[in-house]
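Taking the form predicted on its own, here's one chain by itself in structure tokens.
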Amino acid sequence: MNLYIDKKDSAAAKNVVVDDMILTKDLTTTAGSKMLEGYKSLFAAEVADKLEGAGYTVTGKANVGELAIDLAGETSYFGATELEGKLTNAASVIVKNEDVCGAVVFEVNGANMRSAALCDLILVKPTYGTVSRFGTIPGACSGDTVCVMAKTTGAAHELLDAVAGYDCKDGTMHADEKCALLKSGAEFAPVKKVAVANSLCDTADPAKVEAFKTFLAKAGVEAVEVDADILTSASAAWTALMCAELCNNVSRYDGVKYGYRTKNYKNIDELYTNSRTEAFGMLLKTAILYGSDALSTGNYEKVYDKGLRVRRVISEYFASLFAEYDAVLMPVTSKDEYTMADIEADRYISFKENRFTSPAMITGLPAVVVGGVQLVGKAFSENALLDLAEKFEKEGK
């Protein structure tokens, strides 16, 4: 079990890990791919610098699946991570079992959210544009989000305080006053009414959702079941957008400027083709091919443009829900565990399991994973979601 791509000793009081999609100057960054094996950046990501500035010490780089698009890290060139025979990603295992304050991870296709749910950890996926992505390895830029993971809501919020904030080097950032709404101490309206997305709950193990609903009733929070059928469309739309944007982003890995270079080539075309063929894994190759097809002249309007239209429809649906409800309760996974047998049975399972995580990814809305479920809220409502998650920690378990 390969948890770390690179690691350093530290006697500091506040140790934290970042995953292998986040650049660091003194530790290797590979994105879980042979293409970047041994690569060290000349600069650190903004979030890494902010962690250091807040008194944290980055002690290691957690292994990730290749470009973070898989189910739970199983496609990493450096080996899958299993905990007691169950698949999970390395950051979750490190946070659960080692003496660190938490992890800062890069979410693309739900791998971190799923693993946090399976390991009973807290994960906060903040509002898109409130945490800088400068110095991260891009996957699908219209939804990629830097997230924080910890054992407790308090530790997760402290990490969020450290990394959230405006950065002029990221053109998608919100203004400082908006980012400040995520910070501890900012005013917020508590969650009083929650919509339960039946359309997604029907395709998952109901136990965790039912347990959370029981907690809500005890806490005096009204839970109302809604059909939310439109949310099931998010998976296909996000997969199309993600693959198309990923295809564009990985075009920089050509075997010329940096990264893996094949020894078997006679001309520039063979250099490009063989370097990518030898360095990329099967799932990533599939995503690249699908993304290329989605962006082709014949399919752009039918696939990519339609994905953008579905994003707008889902965003409008969430807005209609938030006119009446304070949060939406949804599952994160279809079952309580995944094994390598699940991957062998369906190599594209991550594109199916993202039906639970894609609604928050495609809209950029904040989500908090707690108790094995997720709460999705309106933009900048992280404090309200974490407040409810903290109450669950104290009263619901």
Partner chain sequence: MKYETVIGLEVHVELATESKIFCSCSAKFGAEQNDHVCPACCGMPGMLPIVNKRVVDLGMTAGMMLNCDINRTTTFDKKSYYYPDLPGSYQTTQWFAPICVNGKVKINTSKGEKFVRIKQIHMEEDAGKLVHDDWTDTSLVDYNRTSVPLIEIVSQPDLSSAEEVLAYLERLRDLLRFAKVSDCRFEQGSMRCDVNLSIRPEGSDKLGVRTEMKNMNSLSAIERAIDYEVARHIDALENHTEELVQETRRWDDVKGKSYSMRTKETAGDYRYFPDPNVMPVVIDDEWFDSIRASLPEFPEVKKAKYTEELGLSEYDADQLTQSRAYCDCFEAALAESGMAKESANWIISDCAKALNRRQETADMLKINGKALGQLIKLVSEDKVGRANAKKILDAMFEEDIDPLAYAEKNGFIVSNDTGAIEAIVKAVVEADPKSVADFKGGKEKALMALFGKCMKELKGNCNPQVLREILIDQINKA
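Values in this document were obtained by computation on a predicted structure and should not be read as measured data. Positions refer to the first chain, counted from 1.
This next part talks about the form predicted in complex with the partner chain, which is not shown.
295 is the sole member of 211, 223, 295, 219 with a non-hydrogen atom within 4.5 Å of the partner chain in the model of the complex. Only one of 312, 193, 252, 285 comes within 4.5 Å of the partner chain in the model of the complex through a heavy atom, and that residue is 252. Highlighted residues 126, 317 and 319: none comes within 4.5 Å of the partner chain in the model of the complex, counting any heavy atom. In the model of the complex, at least one heavy atom of residue 304 sits within 4.5 Å of a heavy atom of the partner chain. Not displayed here, the partner chain is approached by residue 171 to within 4.5 Å at the level of heavy atoms in the model of the complex.
The partner chain is not shown here, and in the model of the complex it never comes within 4.5 Å of any heavy atom of residue 281.
When contacts are judged by a 4.5 Å heavy atom cut-off, residue 142 counts as touching the partner chain in the model of the complex.
Contact annotation: the partner chain lies within 4.5 Å of heavy atoms from the stretch 130-138 in the model of the complex, the single such stretch among 203-211, 130-138, 73-81, 86-94.
Applying a 4.5 Å heavy atom cutoff to the partner chain in the model of the complex picks out 247, 248, 249, 251, 252, 253, 254, 257, 258, 268, 272 from 246-272, in order along the sequence.
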